[in-house]
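Below sits a lone chain in structure tokens, taken as the form predicted on its own.
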């Protein structure tokens, strides 16, 4: 389990996160939702150690991640897989080389073991015979699946996904949602997803944190979210549904 305890983050005089306490459960797809600029990406970066909270702490399975030195954090960080917004694949590397990259950097596997692991990960995300291709030669949905294969290559205990459906059509978004849900359950990972896609919330959200103007306004299940009478949450859900309907109409 990953916990945030009273996390506050400031940039100069601007308080981006204020006193956020939340928890993310293993074996589940945990969502952080909120409008652009709400602070959800900053919260994720605090959780993985890219930002240091000004107050509060991050806890990994009972151990204070915040209190550890950068060197002491490495064992935990090596158990983290990261799916960046847009995929963030290396354009100069083939699909195979992209997935192998974290294995070459952080594992002690032999070359054959790395090759076998890459093949397993690509097969798991339903990509066959694409290892020789470059990112420019595959579709946006395939790029996201390659990025997921790379994120799980080192068999992470924790998986962080930043806007995994960004730039994808509704049908492909659903494929990515289901894939993240499947691998979370299969590998018993603690998965945390930043999103503003309400389809993702309804389809995969088992635990949901709603951030509004840097504060936590809701924490609970998708069923509890739908029944919530929190005005700001209702407005966010309605606006997200309207935007999704508009995009679907524009793409039809």
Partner chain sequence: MRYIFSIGQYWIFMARLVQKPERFRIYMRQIFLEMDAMGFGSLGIVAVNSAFMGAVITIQSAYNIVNPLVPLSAIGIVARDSIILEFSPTVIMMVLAGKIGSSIASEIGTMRVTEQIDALEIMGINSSSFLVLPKVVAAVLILPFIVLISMFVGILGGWLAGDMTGACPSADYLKGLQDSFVTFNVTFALIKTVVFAFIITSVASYQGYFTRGGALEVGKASTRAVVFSNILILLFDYICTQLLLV
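Residue numbers count along the first chain shown, from 1. What you see is a predicted model; the values in this text were computed from it and never measured.
This protein has a second form, the form predicted in complex with its partner chain, left out of what is shown; the following refers to that one.
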Tell me which stretch of 170-178, 115-123, 137-145, 96-104 has a heavy atom within 4.5 angstroms of its partner chain in the model of the complex.
96-104
If we define contact as a non-hydrogen atom of the residue within 4.5 angstroms of the partner, is residue 155 a contact of its partner chain in the model of the complex?
no
Although its partner chain is absent from this view, report whether residue 222 comes within 4.5 Å of it in the model of the complex, heavy atoms only.
no
Under a 4.5 Å heavy atom criterion, is residue 78 part of the interface with its partner chain in the model of the complex?
yes
When the contact criterion is heavy atoms within 4.5 Å, does residue 45 count as touching its partner chain in the model of the complex?
yes
Does any residue in 132-153 get within 4.5 Å of its partner chain in the model of the complex, counting heavy atoms only, and if so which ones?
150
